[in-house]
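Here's a solo chain for you in structure tokens, the form predicted on its own.
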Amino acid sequence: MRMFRNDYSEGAAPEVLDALVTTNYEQHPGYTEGDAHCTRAIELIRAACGRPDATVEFAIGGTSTNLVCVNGLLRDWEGVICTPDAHINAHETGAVAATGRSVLPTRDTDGFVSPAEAERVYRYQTGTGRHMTRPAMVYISNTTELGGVWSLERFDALCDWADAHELPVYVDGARMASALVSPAAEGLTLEHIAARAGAFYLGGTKNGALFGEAVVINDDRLREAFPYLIKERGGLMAKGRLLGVQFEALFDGGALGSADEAPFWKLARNANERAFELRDALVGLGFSPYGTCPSNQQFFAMESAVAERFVDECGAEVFQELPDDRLLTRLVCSWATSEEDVAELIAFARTL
């Protein structure tokens, strides 16, 4: 059976792989510095964002990107507000903390930073002046760690709060494409995120690229720091043009929803649609969804024995034990997941 563990198990989408093969013998300058493919990829990303003046940089993966961006936005005595389950807090082996920067979690439990909780953390951290770490940025992810999708209303509410406190919002976009093609985005667009966020990245690793992320920067502090930090932290690729080739292929096409939609959007749309098929079928079979997940990640509360069968058969991942002793189990669809793959998993689920 095909694996449903994550959305980066496969190699690369055909469009990306073809581009890499076609350009394999070309010679270009290194380090993403001025080669034709990085230059064109940057132009395509700027156009998609509606920001011809935005700085676009490339990075090798999500943890490296977050580490560089968070460090570039903070000074030594400053910290980042995020949710308890944020990737920088829970899944990156203390990468941010290891650099001396502080992570300041809210008490939000649904994957979304709320203005009310951000305000509580901010007041607590600033209540005694210079004696505590000062919040200096807000970290969110889209989609969230629990498969949630930021809507326009929710995103603007947080950005309004952050603007009032003069804090940049940084968006971890490992699954940004899945989020923005989702109906749950409810009006939130790439152009709008690019207009309001201090910085964000467009995830390639989890959306058809072999590896790589594209970082869009509006904040002057990060714009200055990024080129130096990416080298200092070991994230600058000598063969940087490979990043440009991939993002050039992913964004070579029309805008989201257009007749000639770019692969970046089409690949994510397939992942979402297969995930929705899987979700609806499992719910129909009596499985219990955990929250509403309008993206390519689907979560279910399963009895231990059932969860273990899913882990063994399709690589499902168990996230945690729930208060009622059931296990929070994740199933993920990717750009490569087919209708036949979903049908095979559903057939297995019927046997349980």
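Note that residue numbering follows the sequence shown and begins at 1. Values in this document were obtained by computation on a predicted structure and should not be read as measured data.
In what follows, reference is made to the form predicted in complex with a further copy of the same chain, a form of this protein that is not presented.
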Partner-facing stretch of 210-218, 179-187, 266-274, 158-166, counted where any non-hydrogen atom is within 4.5 angstroms of a further copy of the same chain in the predicted bound form: 210-218
Residue 102, heavy atom within 4.5 angstroms of a further copy of the same chain in the predicted bound form: yes
Residue 290: touches a further copy of the same chain in the predicted bound form, heavy atom cutoff 4.5 angstroms: no
Residue 92, heavy atom within 4.5 angstroms of a further copy of the same chain in the predicted bound form: yes
Residue 115, heavy atom within 4.5 angstroms of a further copy of the same chain in the predicted bound form: no
Candidate spot 148, 310 and 352, all three touching a further copy of the same chain in the predicted bound form (heavy atom, 4.5 Å): no
Position in contact with a further copy of the same chain when the complex is considered in the predicted bound form, options 49, 302, 67, 42, heavy atoms within 4.5 Å: 67
In the predicted bound form, the one of 136, 171, 236, 243 near a further copy of the same chain [non-hydrogen atom within 4.5 angstroms]: 236
Heavy atom contacts to a further copy of the same chain in the predicted bound form at 4.5 Å, residues of 46-73 in sequence order: 60, 63, 64, 67, 71
